[in-house]
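Okay, so here's just one chain, in structure tokens, the form predicted on its own.
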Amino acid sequence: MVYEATASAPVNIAVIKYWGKRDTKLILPTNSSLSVTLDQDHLRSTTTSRADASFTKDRLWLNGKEEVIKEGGRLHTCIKELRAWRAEEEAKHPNLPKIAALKLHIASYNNFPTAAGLASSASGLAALVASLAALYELPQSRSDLSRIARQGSGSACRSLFGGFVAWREGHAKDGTDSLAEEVAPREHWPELQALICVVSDAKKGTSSTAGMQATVETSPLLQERLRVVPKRMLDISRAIEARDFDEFARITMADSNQFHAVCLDTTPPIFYLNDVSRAIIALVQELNRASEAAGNGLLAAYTFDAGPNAVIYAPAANMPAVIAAVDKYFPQANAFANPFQVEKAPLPAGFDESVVHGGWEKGAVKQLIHTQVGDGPRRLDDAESLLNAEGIPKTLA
């Protein structure tokens, strides 16, 4: 009998950012956050977990490279917690196979650059938790599972849901009320799309873990951020409920700006944005200015996580103009896949081309990824297993 489960989980991109922990062991955030789950058909992590009596220790491979599962580390904590829940089920139901005590082999694969500011740890840990929850046939809810994923990677808790997701900071010292919950399903606002501008796929110089701890310890501006975030959470939730893109866009850009301001306010300062990132901000701002001057609403909204890559949110109807503008000023190294077969539209009337300094060489933006609001983790069939018969990643066989 083979005890195995494969699951995929999505990337989520926060519009209200998580930055700072009040408890580094449990990964309890200093503020609540809210994200948009992106379509797994374009960005996902896939994980296969297998329990077998022949395995001598827990082993994990990421993209074909074996990672150390450190005692007391984040991966170890997630596995330990989920294994304990399975043991409880086995104690309650004696007829269940005794697999909690078996060692695990786990293989995970990201179909996008790892550690480049594209939330790879979020989707990766969510896929791990979803895979183990399926293997162990756990009855816990996704919010319950999110408390485990949170201890692996904070933002991973949001990748256990589709659509629009809030991670509530909670107040309990043990973290029991710091969990994720769905604000609205993807079907609520299906026309909202995202264009990811991959400015760099290199590993970032300052990790999110190190960066946010330095900010908590040294940034006076962080306290002002913590004061305003609760109202932003309420306001953006209402904007999502009303499908009010203008309000959604204003809050999203303001929160991204403030997040990077507290990074700059950190000692030593943290620079996640580069010159190309700032030029993309200028482009979106000018697109919005021209659109509003013509009597229309905002065209798009930018946001940047802990890295230089831009995520531009826009309604599907606005994406032809957004893609055309980005393509004009930032020719890519890799051809645009264009999954939605978008035909480029002209820049808005009155667009001031002098605002966006041209002359960027081809490849300043490496590639564009056009995607949309997506669903939560998926259980995949056996044919999509990442492990071979011996329990080793197929890529290494």
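Since we're looking at a predicted model, the values are computed, not measured. For every residue, the number given is its place in the sequence shown, counted from 1.
There is also a form predicted together with another copy of the chain; it is not shown, and the following applies to it.
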Residues 17, 64 and 78 all lining another copy of the chain in the predicted complex, heavy atom within 4.5 Å = no
Though only this chain appears here, would residue 257 touch another copy of the chain in the predicted complex if you measure heavy atom gaps against 4.5 Å?
-> yes
Consider residue 70 of the chain shown here, and say whether it contacts another copy of the chain in the predicted complex, taking contact as heavy atoms within 4.5 Å.
-> no
Might residue 262 be said to contact another copy of the chain in the predicted complex, defining contact as any heavy atom within 4.5 Å?
-> yes
Within a 4.5 Å heavy atom cut-off, is residue 228 in contact with another copy of the chain in the predicted complex?
-> yes
What stretch, of 91 to 99, 213 to 221, 235 to 243, 168 to 176, brings heavy atoms to within 4.5 Å of another copy of the chain in the predicted complex?
-> 213 to 221
Taking 4.5 Å between heavy atoms as the contact cutoff, choose which of 207, 296, 141, 274 touches another copy of the chain in the predicted complex.
-> 274
Candidate from 182, 292, 247, 201 lying within 4.5 Å of another copy of the chain in the predicted complex - any heavy atom = 201
